[in-house]
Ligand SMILES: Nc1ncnc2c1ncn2[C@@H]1O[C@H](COP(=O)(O)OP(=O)(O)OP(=O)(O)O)[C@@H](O)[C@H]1O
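Just one chain follows, in the form predicted on its own, and it is written as structure tokens.
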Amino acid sequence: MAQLELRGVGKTYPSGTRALRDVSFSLEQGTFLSVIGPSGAGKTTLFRILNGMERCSAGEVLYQGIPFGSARGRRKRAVQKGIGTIYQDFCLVEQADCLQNVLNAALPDMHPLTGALGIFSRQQRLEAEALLERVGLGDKRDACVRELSGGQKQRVAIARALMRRPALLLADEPVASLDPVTGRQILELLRDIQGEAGVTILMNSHNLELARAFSQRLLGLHGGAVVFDGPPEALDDTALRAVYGEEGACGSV
């Protein structure tokens, strides 16, 4: 059984805009897949559906065989816990320290009172500290997030996502706001995590060069439809034109 499966997913907004058209693909555990395509191709809408922020208008999304839309109660929480998200703008609490930001990932599973009071267990704290160490920020545990560089903030965000122990990580333009060197370091970290923990990574990327360099598989969207699905080496000029139009074939993306 595939870890993630989309069957004929479509999304039409009230305005009549069709953002996704009959999107179907499956994803096996431990794969690094990048979704590529020009602006307006439907990449952001696809990610918003996968992280539960949007509902599809047609078709269905299954995680470990469980439909997103029909999951309720414990089953829904189990689906949500299995999927972590890393955002372009980090989505951290800037006034809090790094450790607190990582610990915040545990709040949904805690009793409302202990969560509101910020009473975390010793095990939770040790796990959060270990994750900060894993992403190279062991010495920044007590540092205020607002004092960090962009690359360091993204490392905190990765540690926070891993605190949920996800089997699937959604990385929405995770290096778009970083300089090229730092961005490559972040993707190297994600690839290492993928290899060590067997975590599946599904990345939304505008950077074709980095998507090709770090992904095992590319999914090309154009006009809301899948027009390419295959390994990076199969993305030839014909496939580039299908994804990006004539500009893509000239290497300008």
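Computed from a prediction, not measured in an experiment: that's the story for all the values here. Residue numbers here begin at 1 and follow the sequence given.
FYI, the form predicted in complex with the named molecule isn't displayed, but the following is about it.
S.K.: Using a 4.5 angstroms cut-off on non-hydrogen atoms, would A19 count as touching the named molecule in the model of the complex?
M.R.: Contact check for A19: yes, within 4.5 Å of the named molecule in the model of the complex.
S.K.: Looking in the model of the complex, any heavy atom of G59 within 4.5 Å of the named molecule?
M.R.: Judged by the heavy-atom cut-off of 4.5 Å, G59 is well away from the named molecule in the model of the complex.
S.K.: Residue-level contact is defined here as any heavy atom of the residue lying within 4.5 Å of the named molecule in the model of the complex; does G198 satisfy this criterion?
M.R.: No, G198 sits far enough from the named molecule in the model of the complex that none of its heavy atoms falls within 4.5 Å.
S.K.: Should Y13 be counted as a contact of the named molecule in the model of the complex, where contact means heavy atoms within 4.5 Å?
M.R.: Yes, Y13 sits close enough to the named molecule in the model of the complex that at least one of its heavy atoms falls within 4.5 Å.
S.K.: Report the stretch among 60-68, 185-193, 31-39, 209-217 that approaches the named molecule in the model of the complex to within 4.5 Å, counting heavy atoms only.
M.R.: Looking at the partner contacts, the answer comes out as 31-39.
S.K.: So which residues in 125-163, when you check the named molecule in the model of the complex, have a heavy atom no farther than 4.5 Å from it?
M.R.: Heavy-atom contacts to the named molecule in the model of the complex: nothing from 125-163.
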